[in-house]
Ligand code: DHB
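This document opens with one chain alone, in structure tokens, the form predicted alone.
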Amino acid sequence: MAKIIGGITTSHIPAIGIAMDRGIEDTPYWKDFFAAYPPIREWLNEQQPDIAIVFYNDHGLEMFLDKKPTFAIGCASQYENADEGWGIATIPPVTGETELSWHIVNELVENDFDPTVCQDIKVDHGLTVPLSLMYPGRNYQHLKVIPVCINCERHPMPKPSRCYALGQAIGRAVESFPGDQKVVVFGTGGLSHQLDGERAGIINADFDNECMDKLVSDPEALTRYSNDDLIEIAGAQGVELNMWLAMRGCMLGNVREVHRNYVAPISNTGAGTQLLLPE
């Protein structure tokens, strides 16, 4: 059967892509942030996963106010990147995965989830920045990607417990898929941040580090928060924790943390990075 070999959490803020395009990763502002990624890149190079399931949120590129699915899954063979206004350079297409993605869709529907199935979708920085971080030089075409989009922008949004349950359902689907594929799961976005309004710039580092602790030891404790709680504690965009919870849900059972980094502020964001392995 297919096997989830690890989970990775990472920020996906667009400024990261711009920093890489400009070659300023070693400048004082960015150095500590980018220092988090070589150990994860080394692990990916050693393990050579076949497939990546990437939980991300669309920032108005394909899913705007006129249509906003709660959960959406890509089942295409390729995904084009498009700049949604941040000035990030367009990067090479992302290779899709069709067999496992359809298996996941069928299993989700069978288990009372109703995702939107996307066979023609462009992807934004929420997905492409993490891939660029993990594979310098944008050498990610060998990796087959399954995008799983979670609404973190427009109310009503799925609550943390529902996102965690989605991840668990996807994890069980992967375990039931015949073959020997190695799967890595990315939880992107977060942590605490708010980009506009009276509380713009809020960062709650204590809460961010607590979330990273609980993601390892007691993820269900994080599911007891409501989205309103997350907004109050971690800012309007703090709900992006839901992508991390979905990733953790995929990793059925206990995990161990083998790498962690936290830097704040980076582009008005608490930027956390973790590498989790199943026990």
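One-based numbering along the sequence shown. It should be emphasised that the depicted structure is a prediction, and the values quoted were computed from it without experimental measurement.
What comes next is about the form predicted together with the ligand, which is not displayed.
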| said: in the predicted bound form, does Ile13 come within 4.5 Å of the ligand, counting heavy atoms only? | reply: yes
| request: Classify Asn261 as contacting or not contacting the ligand in the predicted bound form by the rule of any non-hydrogen atom within 4.5 angstroms, answering yes or no. | output: no
| Are any of the heavy atoms in His59 no more than 4.5 Å from a heavy atom of the ligand in the predicted bound form? | yes
| said: Taking any heavy atom pair closer than or equal to 4.5 Å as contact, tell me whether Leu195 reaches the ligand in the predicted bound form. | reply: yes
| Every residue in Phe34, Asp208 and Gln274 with a non-hydrogen atom within 4.5 Å of the ligand in the predicted bound form? | no
| Which residue among Trp102, Phe113, Phe177, Trp86 has a heavy atom within 4.5 angstroms of the ligand in the predicted bound form? | Trp86
| query | Considering only 234-257, what residues come within 4.5 Å of the ligand in the predicted bound form, judged by heavy atoms? | reply | Glu240
